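Single chain ahead, written as structure tokens, the form predicted on its own.
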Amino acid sequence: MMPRALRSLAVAAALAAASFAANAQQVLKIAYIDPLSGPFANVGEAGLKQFQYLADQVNQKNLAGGVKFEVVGFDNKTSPQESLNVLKKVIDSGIRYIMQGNGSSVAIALSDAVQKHNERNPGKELVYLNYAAVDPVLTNEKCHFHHFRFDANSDMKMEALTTFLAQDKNIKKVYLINQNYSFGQAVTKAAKADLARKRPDIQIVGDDLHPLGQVKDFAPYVAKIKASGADTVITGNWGTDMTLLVKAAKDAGLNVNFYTYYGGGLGSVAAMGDSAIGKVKQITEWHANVPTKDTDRMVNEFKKKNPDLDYYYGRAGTLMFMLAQAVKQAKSTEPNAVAKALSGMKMETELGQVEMRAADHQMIQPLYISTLQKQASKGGPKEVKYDADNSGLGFATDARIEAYVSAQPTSCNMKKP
């Protein structure tokens, strides 16, 4: 007969195995809270399709230890208040993981709400996976344990962008144009500080903040840029605000270089056309013409399923695969257990090691500067294998900025459960 102690251990082990076996049959639902209507609907819908494709990748490869991922779309109309209404519906539906990226004003509202919910409802915590909202406050004074940012914050991007820009001695006059909310304001602030530190000889000849998603015609702004004598524009604009800005620049024959955060965003490249060749640069964690093997496969697979869309967010793969690794490591879908596994996690990717920094839950990763060129098949550089927006134009890498260059100190004082 088995001794009592051994029987107890055997029973405990059986229960644990049964628990994980049951868990392995679970579906981990992730609420995707982003614009699916309104002026930024095209951006939100494209992101939703990419994350749903990546959930299929996780499931097909059994990356989460048998747990299936499902990404469910919720329309927030790019509104902080609507996002909070949606969050209530998500909580009521039993979903405990949320994902959002478009708009730092939305992100701040959601992050605050998630933190308050978690403090008031121990045992029913939510995890917030931020894939694109880059206001630095989210991993500084507003950081908390259940928020994870997989994109470089705007200060990190500006550090990388200005490190590269500062090497070009032909740049003398810079114009800043950004959306008038927390993110756009952060871009403007960082650009001024970084340029003053690295190239004090450069003049800031204009600084415009415009309403988010409300400007229908950027011609008056472009006229101001032209009149300023600027040779370079720095902008964090995204979505229709990026597309309409470059369209107006093209129509006005504005001959400047654009240093952008989202020049490769949906619709922007097609809107710019050939006039942007060699002039529009972007700062990203990846782009389609960075030579990789598995990501290359996914770019092609996604395009076959979505002919009108591009596989745009390299960090989306990092998010989904890292989350799957955390679930597998935790042997649980319980948010606190998964969050503990994610915090400080390092993962090898095709671009090198990335780290979810434990101090503030900010992703630390290499960044790329790239310039718009003709696609190789259209007579452009051979490295421009893929175009954007089916335009015949794609991005070619100018420089890889290593993670240690862009990494910033944090003021985060995180309380851990």
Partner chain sequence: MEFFLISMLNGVTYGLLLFMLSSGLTLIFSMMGVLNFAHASFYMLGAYFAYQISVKIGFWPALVIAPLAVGAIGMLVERYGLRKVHKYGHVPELLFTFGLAYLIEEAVHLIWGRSAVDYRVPAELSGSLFKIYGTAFPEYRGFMMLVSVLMLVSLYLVLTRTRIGLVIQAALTHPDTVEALGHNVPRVFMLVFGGGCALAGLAGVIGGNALVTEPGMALSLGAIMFVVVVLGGLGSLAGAFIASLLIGLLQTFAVGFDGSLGRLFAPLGISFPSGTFLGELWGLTISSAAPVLPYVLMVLMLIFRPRGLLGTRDV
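Residue numbers count along the first chain shown, from 1. Predicted, not measured: the structure shown is a model, and the values here were computed from it.
This protein has a second form, the form predicted in complex with its partner chain, left out of what is shown; the following refers to that one.
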Next item on the list: Consider the chain as shown here, without its partner, and state which of K281, K247, H147, K157 has a heavy atom within 4.5 Å of its partner chain in the model of the complex.
Entry: K247
Notebook entry, point to check: Quick one: of D251, D168, E301, D294, which gets a non-hydrogen atom within 4.5 angstroms of its partner chain in the model of the complex?
Noted result: D251
Note to self: Taking 4.5 angstroms as the heavy atom distance cut-off, pick the stretch from 35-43, 50-58, 368-376, 347-355 that is near its partner chain in the model of the complex.
What the structure shows: 35-43
Next item on the list: Check whether E119 has any heavy atom within 4.5 Å of a heavy atom of its partner chain in the model of the complex, and answer yes or no.
Entry: no
Notebook entry, point to check: Does any heavy atom of K224 come within 4.5 Å of a heavy atom of its partner chain in the model of the complex?
Noted result: yes
Notebook entry, point to check: Is the gap between I108 and its partner chain in the model of the complex 4.5 Å or less for some heavy atom pair?
Noted result: no
Next item on the list: Please check if N180 has a heavy atom lying within 4.5 Å of any heavy atom of its partner chain in the model of the complex.
Entry: yes
Next item on the list: Can you work out whether its partner chain is within 4.5 angstroms of a heavy atom in all three of D208, P211 and D217 in the model of the complex?
Entry: yes
